[in-house]
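Presented as structure tokens, the chain that follows is alone, the form predicted on its own.
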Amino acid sequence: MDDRKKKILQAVIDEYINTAEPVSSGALVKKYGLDYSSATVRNELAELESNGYLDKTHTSSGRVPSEKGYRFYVDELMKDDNVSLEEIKYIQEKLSTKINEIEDLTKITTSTISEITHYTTIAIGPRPETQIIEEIKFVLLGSRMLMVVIMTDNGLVKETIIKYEKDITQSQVETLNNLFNSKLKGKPLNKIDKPMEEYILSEINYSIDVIKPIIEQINKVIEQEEQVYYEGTGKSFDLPEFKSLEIAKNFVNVLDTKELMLEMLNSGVAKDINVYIGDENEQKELKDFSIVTFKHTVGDKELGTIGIIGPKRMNYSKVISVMKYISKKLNNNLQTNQSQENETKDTK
């Protein structure tokens, strides 16, 4: 594609994203200061249409971008520095909050992206198989009540409470702490398999009535369904595309289908921003929408995935710019926190 076609295609897509109205040659010449006559622009629009980058609407003489046009725009034409100074300050303020748990970080990040982009934002935390157990703590809450706290290397905390019919002593709790940490610390957060269960049972002299409920409860906590976080679900219904009852109903159904959301967020390449436009989505339920996702990682640690779902007429430049800035900011914050923690450990 030559430079003139690129410039005209970019102008068409920018204008359509801003107005949601089919774009005419006259509007482009007036609004975008193109150094071409209306006749030249019309000819170029016709060629872009015949090459599959634009579609002609039946209701006017204007044109709208096709999925192929949007893809070329995202890959070749779009600027990814579309974040204002005001938005940067807002992001910095939101992400400067002291966070102790990864779930809180996910929620804050999700709401921040939705506030700036005005689209529906969806997120999940890290998958169990990507998390390493850092510590398991047993805390006696009463003579017959035991709390189990599992902490992972990326800040995830899972906890459960076990009630017994017989008394548990502090000495037993200390033995449990030592045994479970010696065998599970440094292992992925997956369910305790049969060999590990048999080993723990054989190594400890306590009644099976004490150990069995612990293993069962730990496995239940680990197997809990992944939490999906939503922000700005109502924002999409202000967009022109959602005046279509069919698209609006489909959108609601998509958000209500947790398995679909998990599949969508778990796909894609780590450390990259992934963009799926219309038919590029594997699931037929997502054909009316565009999805942008990024997997939040620090080093080798996966901290979850955040995605935006919106119409194909999405403001890709704004969405991708915000995601890139937030991803960079999160990485910097977490690396700074890790350095400070390491310095604190070294001074002790």
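Numbering starts at 1 and follows the sequence shown. Since the model is a prediction, treat every value here as computed from it, not as a measurement.
There is also a form predicted together with the DNA; it is not shown, and the following applies to it.
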Of Ile309, Leu45, Val319, Leu286, the one that lies within 4.5 Å of the DNA in the predicted bound form (heavy atoms): Leu45
With the cut-off set at 4.5 Å between non-hydrogen atoms, does Gly62 touch the DNA in the predicted bound form? yes
Does the DNA come within 4.5 Å of any heavy atom of Glu49 in the predicted bound form? yes
Should Tyr36 be counted as a contact of the DNA in the predicted bound form, where contact means heavy atoms within 4.5 Å? yes
How about Lys56 - does it come within 4.5 Å of the DNA in the predicted bound form, if we only consider non-hydrogen atoms? yes
Determine which one of 22 to 30, 309 to 317, 278 to 286, 65 to 73 lies within 4.5 Å of the DNA in the predicted bound form, judging by heavy atom distances; exactly one does. 22 to 30
